[in-house]
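Single chain ahead, written as structure tokens, the form predicted alone.
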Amino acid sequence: MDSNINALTTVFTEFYYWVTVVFMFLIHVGFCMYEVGASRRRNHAHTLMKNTMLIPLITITFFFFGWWIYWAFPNGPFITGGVEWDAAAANAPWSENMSAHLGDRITGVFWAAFLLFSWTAASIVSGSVIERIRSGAFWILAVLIGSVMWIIDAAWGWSANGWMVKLLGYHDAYASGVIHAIAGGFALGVLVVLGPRIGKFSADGTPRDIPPHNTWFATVGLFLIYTGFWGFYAACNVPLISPEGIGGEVTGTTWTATNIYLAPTTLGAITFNFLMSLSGGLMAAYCVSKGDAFWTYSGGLAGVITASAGNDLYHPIQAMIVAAIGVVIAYKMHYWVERKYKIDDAVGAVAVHGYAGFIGLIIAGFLLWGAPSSPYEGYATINPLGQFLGAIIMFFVLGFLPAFIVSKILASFGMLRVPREIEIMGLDFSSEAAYQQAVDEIKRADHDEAAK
């Protein structure tokens, strides 16, 4: 660091990302609580372990190849250029930047922010498949979306150099598509192969409601997800760039924060829009679900997800309306798909994340038509066709298709779904039996002691 101002900027940026990562960890805590609240008692331990063990699996694989993919493939490759070998080499696991290194204070915390996005992508899928998927199958799928598929879409549509940004004018500032549409599409691809829980549909195909086991857990879980999501919004910004930063593209007299595409923004602007879209989603979900608690809380999340693509550019009132529209459509879509195709999405993840994210990208294409997708010269501007193609790529190409194919392979080897008798007894049957045996032994010992 060659000056005091550069030193201050670097240390501030290092601390900023570190704090956002801590807040984002609450997303994972929230998903664990929410899934326990939504699952039945006989499946709690399995649900928690399934969601917990994705942390080490994705962290290790993301260290070894996920982060490298982000830096290697912003050009496709071979759409706007080849593989970015030099940029990728600086972020390979054997690079000095990927270790304790006083000359680079940013790579570690920036890597961690993206890693937490990876956990989130896998956790979104986790909730939808509870109570019937094998743990091993889920973890294979979690690594696939967490360390491969979502980071490819980040390189394409969430990098200042991504080919979708350059050619399509794709704009997705807070990840309607980059995290949520792809995770929702991925979950749908797994669910099509996995099938519904036993008892979800009657003999004539009518869906039965399997209510949350513990509404209080589900509620607190979603509030934690809201909190972590707010931290996620902060993590989607570069906190401080000088007026002459990024090759002269940011100009003016004051330093600024930028969005993920390095276009100027402020944390105040996105705070307005985060809270207004959360409120619009909650109100719309309460109305459309007639006060159903499960959908009201989920609707707050879906509202933010819908508005996220353009929440760096929307007026707060636009953000609120966009959120409300997205929630109503996602809610209707969930029940239509459930009845039409007999899809059992236990927590509505495909609707809340997938449909809401897809809709958010489409709406942004119309509302932001003609606005710059990035500050760089020569990039396509935001437009409806680019956003629609981007939504298709995120939801179907990078989300649904790989999940469907890998799930088919796992199912063909009998590795995807637990046996019917295990599902009926509950996935915690063996641990519950061991627990009950231990309790019985303690009671017998107490009885023998009292009889002496």
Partner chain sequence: MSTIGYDSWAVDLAEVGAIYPFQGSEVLMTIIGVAFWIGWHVVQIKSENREIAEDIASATPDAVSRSIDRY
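Remember, predicted model here, so these are calculated numbers, not experimental data. Positions refer to the first chain, counted from 1.
Note that the form predicted in complex with the partner chain isn't included here; everything after this is about it.
Q: At the 4.5 Å heavy atom threshold, is S202 in contact with the partner chain in the predicted bound form?
A: Judged by the heavy-atom cut-off of 4.5 Å, S202 is well away from the partner chain in the predicted bound form.
Q: Quick one: is G103 in contact with the partner chain in the predicted bound form, heavy atoms, 4.5 Å cut-off?
A: Close contact exists here: in the predicted bound form, G103 approaches the partner chain to within 4.5 Å, heavy atoms only.
Q: Taking heavy atoms only, is K408 within 4.5 angstroms of the partner chain in the predicted bound form?
A: Residue-level check for K408: no, no contact with the partner chain.
Q: Going by a heavy atom distance of 4.5 Å, is T61 a contact of the partner chain in the predicted bound form?
A: Looking in the predicted bound form, residue contacts with the partner chain include T61, since a heavy atom lies within 4.5 Å.
Q: Looking at heavy atoms inside 4.5 Å, which stretch does the partner chain contact in the predicted bound form, given the options 86-94, 330-338, 233-241, 353-361?
A: Going through the listed ranges, the match is 86-94.
Q: Exactly one of L48, I422, V397, V29 has a non-hydrogen atom within 4.5 Å of the partner chain in the predicted bound form; which residue is it?
A: When the partner chain is considered in the predicted bound form, the option within 4.5 Å is I422.
Q: Which residue, V143, L282, L367, A112, has a heavy atom that falls within 4.5 Å of the partner chain in the predicted bound form?
A: Partner contact (heavy atom, 4.5 Å) among the options: V143.
Q: Who in 30-65 is close to the partner chain in the predicted bound form, meaning a heavy atom within 4.5 Å?
A: In sequence order, R40, R41, R42, M53, L57, I60, T61, F64, F65 come within 4.5 Å of the partner.
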